Each structure stands twice: as C-alpha cells, then as structure tokens.
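Next comes just one chain, in structure tokens: the form predicted alone.
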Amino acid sequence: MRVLSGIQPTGRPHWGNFFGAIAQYIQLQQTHEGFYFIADLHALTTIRDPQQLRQNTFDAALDLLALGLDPTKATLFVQSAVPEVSELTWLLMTGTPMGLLERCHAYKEKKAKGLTADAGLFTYPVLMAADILAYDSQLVPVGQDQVQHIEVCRDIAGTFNHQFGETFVLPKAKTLEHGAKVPGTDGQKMSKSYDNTLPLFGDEKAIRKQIMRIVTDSRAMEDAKEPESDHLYQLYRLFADRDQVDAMAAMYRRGGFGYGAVKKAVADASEAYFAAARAKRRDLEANQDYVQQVLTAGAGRAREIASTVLARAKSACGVGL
C-alpha cells in the first residue's frame, strides 16, 4: 500500500513532531511504499525570507534522514521539485467549490482572529489534495486535526471522478496514534504555536536546561501523585522501557520525591534515546552532497508517477490535444 505524507519546513522539529508523526512514518516504511516530501510550497504561506526557506528545507531533509528515514525503502523529495503537482492543482481548483474551502479549519481560524488570509491559505487544501492524488496515494498518516483535509481531498477527487470518469485513487486517512499525547514544557500539547517545544536537535546542555525549567505543580514532596495526569511522567514514558516506567509510576504513587529528580530522568532518557540520531545528523551535515543526491533521486521517482497521473487527469478533462 502506498503511503504519503508531507512536512512543512517552518522550523526545527520537536519531540511532538517526532512522536506524533515522524516515528510512525519511519515505522510505516518497513511495510508500505512510502513517499515523504518537504512541503516548501505550503511553507510560502508563512515564510517570506527565501534564504530561510531554502535552509529550512535542507534542514528538514537532514532531520528526516537522521531520524531513520531510509531512502532505499522510502522516497524523500522536495515538493517544488515535482512541478506536475502545481499543474494538477489548477485542474482540481477549477472544480472545487468555494464553500468547501471556506469551511476548512486554517482559513476559518485566521478569519475568526481578524487576520488577513491570502489566496494561498484559502486554496492550500487544493494543493494538499494534489500532493496526495499525484502519487495515487492510498493511505495518508495525519494527526486528528488534519483529518478534515483528507476528507476535502476525497471530495475534490470524487467530484473530478464523477465529472470526467474514474481518474484518481481515493485516499484514506490513517490517524496517528500519539499526536495529542506529547505535552510541552507548560503541560499543554507541544506546539510551536504555544512556544512550549523541546527540540530534537541542538545543544544538549541547552535542551537539558529547558527540561529542568519545565513547569510543575506546587504539591509537597511527600504527597503521593497520580502519574498518568502528570506531564513530566508522560514525557518520561516516551523514552523509558516498561520496567523503568513502572518504577517511575510506583515512585509517583508513593510520594516522597522532588520533580527535579524526574526532570533529570527525562533529560537522561531523552539524550540516550536521540543519541544515535544526533550523531547521524552530524555525519550528514558533513556529507551534504549525499543528502542532495537523495533528494534529487527522490524527486525523479516522484515525477515518474506524478507525470503519469497528471497525463491521466488532463486526458480525462480534455486539456491538451
């Protein structure tokens, strides 16, 4: 089964990105045909600095490869390196109702806040649909907040198929398992929007300091605490094995400990967990030609499929002679 997902290069990845999405992409490459792209065209709705966008895009490739994306098992490429997707977007745009786009979350939220929404934000669900449909994708792993966009994609593809005959594969959403379970430094869901993230890569001493500053409640050390409702425990559980998690849970229920000890345990466990990925990223930084070769080869494979799908769609709707 062909799986597709994209990651916007709008900033460095954090723990929530990894456990909420990237780890499952890497797992899926073992059993599915994976296509993963860096969505630089989508990022244009928020990034206006060209050098920053280029650097973020390349950094995203480094991050994904370091975290375990295997180019012999999955196809990694940059969205804009497949121009067929942009042409397909226009074919889909001509049959997409305005009302469908007006109901999409990102547009509605920005309008509700009184912010200016440009045409890129308004129509990006159509570009997202083209991203998915261009590769005959069957399964799209997404967080719960993105399920609507897969439904929109299916609506757009279904309308095209109804008007012009069976052209597109209708994809299904695969809801990611842990997207809502990675708390940030303030206890809310980890998100760049809340400025409460912990980075995957960077200076380890600085990351450890961030962990040690995580907000906690004011209960006395001797008080017993319910581990499942505590965000420090939830973070520790991401990295520790079953015996370690059980021991930590027992300590919480017993009481008589300080949160500083838990923060240190989180820092130690997370450093050990990401040590191999951090070392691999340093190696990739020293071999950037290899990374570029991976992206070029991936774009070539992606274009082979996208060009076939685009030709099928153009023929169906009568574009070209």
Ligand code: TRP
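Residue numbers run from 1 along the displayed sequence. Keep in mind that what you see is a predicted model, and the values were worked out from it rather than measured.
If you look for the form predicted together with tryptophan, you will not find it shown, but the lines that follow are about it.
This chain appears without its partner; in the predicted complex, the one residue of 200, 157, 248, 140 with a heavy atom within 4.5 Å of tryptophan is 140. A single residue from the set 294, 65, 39, 28 has any heavy atom within 4.5 angstroms of tryptophan in the predicted complex; that residue is 39.
Using a 4.5 angstroms heavy atom cutoff to tryptophan in the predicted complex, all of 6, 124 and 146 count as contacting. Exactly one of the stretches 160-168, 125-133, 213-221, 200-208 approaches tryptophan in the predicted complex with heavy atoms within 4.5 Å, and it is 125-133.
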